[in-house]
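One chain comes next, on its own, written out as structure tokens in the form predicted alone.
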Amino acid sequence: MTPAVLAEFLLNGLVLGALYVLMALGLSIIFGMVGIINFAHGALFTLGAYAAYQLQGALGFSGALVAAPVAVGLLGMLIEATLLRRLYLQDPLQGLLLTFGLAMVLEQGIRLVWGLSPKQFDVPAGFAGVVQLGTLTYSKYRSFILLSVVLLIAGLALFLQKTPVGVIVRAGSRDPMMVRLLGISLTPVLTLVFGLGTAFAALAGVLSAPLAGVQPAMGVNVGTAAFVVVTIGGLGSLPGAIISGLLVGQVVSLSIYFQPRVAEASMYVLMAVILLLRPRGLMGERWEKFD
């Protein structure tokens, strides 16, 4: 293969990694603040894609790109307020079981509403074609995905660093008891964070829909990959989620380039190696054990 083809695979790895980053950021935000590993993340990814498919006829792609994540985020806030909030003082296993059951309910609900057959989701007309990058031509839409994720990461960083709510989120993820002692209620913040995390999953689903189409099981592999990314980066670490997402995307894409038969397993091999060398992940914090 030529250097141009290799460069295209590297760019594809960045795009795949960017989608993994969106999924992993949602998982990390939820775990860091709420303390729950959301097993329904892949189903919410799928729901975002189907919501955009349903809305694009009326709102166009740009409208669906905004409305679908917002709608799924509001659903996430409703789930937190009505279901998860009851379990915060219970055994953490109950939260895992609830989100696992919720994933099953969402997946079957999607099949009941939209059927089993895949849905065609065309690349938006404004992003059809290619852009010229020196001697390399590359898809406009894939370039749009990269730019969108970069802007979203920058916006999230500004939100966490510069806004009062962002400061509470960071403080609450580190020491929620101290935040409560200062007279700040974390209840609405937990709802907002869970909604934000689910909106990230839905946005990843919307962005990936024109690349792979829309079908009921589309979130299974992506959801599993997101858990791999979060594990490699370190549970609850946002920088870790970004670094590991891009790393996993490159590993998978280069595996497809050099040895397609091992591409699916490559991320798991990477996870095993990272955890052997650093059990808490690349940027995970050390877990203290008290006897």
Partner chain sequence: MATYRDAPSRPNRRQFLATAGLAAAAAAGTQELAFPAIVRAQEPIRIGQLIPFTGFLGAIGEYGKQGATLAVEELNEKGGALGRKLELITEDEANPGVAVQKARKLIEKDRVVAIEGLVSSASCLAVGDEVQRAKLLMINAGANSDEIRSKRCHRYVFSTEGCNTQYVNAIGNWLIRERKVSRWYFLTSDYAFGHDLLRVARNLLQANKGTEVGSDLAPTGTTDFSQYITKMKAAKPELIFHNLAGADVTNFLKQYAESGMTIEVAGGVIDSAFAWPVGESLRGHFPIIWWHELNNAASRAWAARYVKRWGRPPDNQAYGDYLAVHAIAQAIEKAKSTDGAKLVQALEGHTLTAAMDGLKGRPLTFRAWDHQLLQPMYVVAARDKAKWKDKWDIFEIIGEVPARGAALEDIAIPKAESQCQLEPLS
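Residue numbers count along the first chain shown, from 1. In this text, all values refer to a predicted model and were calculated from it rather than measured experimentally.
In what follows, reference is made to the form predicted in complex with its partner chain, a form of this protein that is not presented.
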Listed residue that, although its partner chain is not shown, lies within 4.5 Å of it in the model of the complex (heavy atoms), from Gln161, Thr187, Thr137, Gln94: Thr137
In the model of the complex, the residue from Gly213, Gly155, Gly101, Gly126 that sits within 4.5 Å of its partner chain by heavy atoms: Gly213
Here the chain appears without its partner; judged in the model of the complex, the stretch of 66 to 74, 254 to 262, 223 to 231, 36 to 44 with heavy atoms within 4.5 Å of its partner chain is 254 to 262
Is its partner chain in the model of the complex near all of Asn12, Lys119 and Asp122, within 4.5 Å of a heavy atom of each? yes
Does any heavy atom of Ala209 come within 4.5 Å of a heavy atom of its partner chain in the model of the complex? yes
I'd like to know if Arg111 sits close to its partner chain in the model of the complex, meaning any non-hydrogen atom pair within 4.5 angstroms. yes
Taking any heavy atom pair closer than or equal to 4.5 Å as contact, tell me whether Val167 reaches its partner chain in the model of the complex. no
With heavy atoms only and a cut-off of 4.5 Å, decide whether Ala18 touches its partner chain in the model of the complex. no
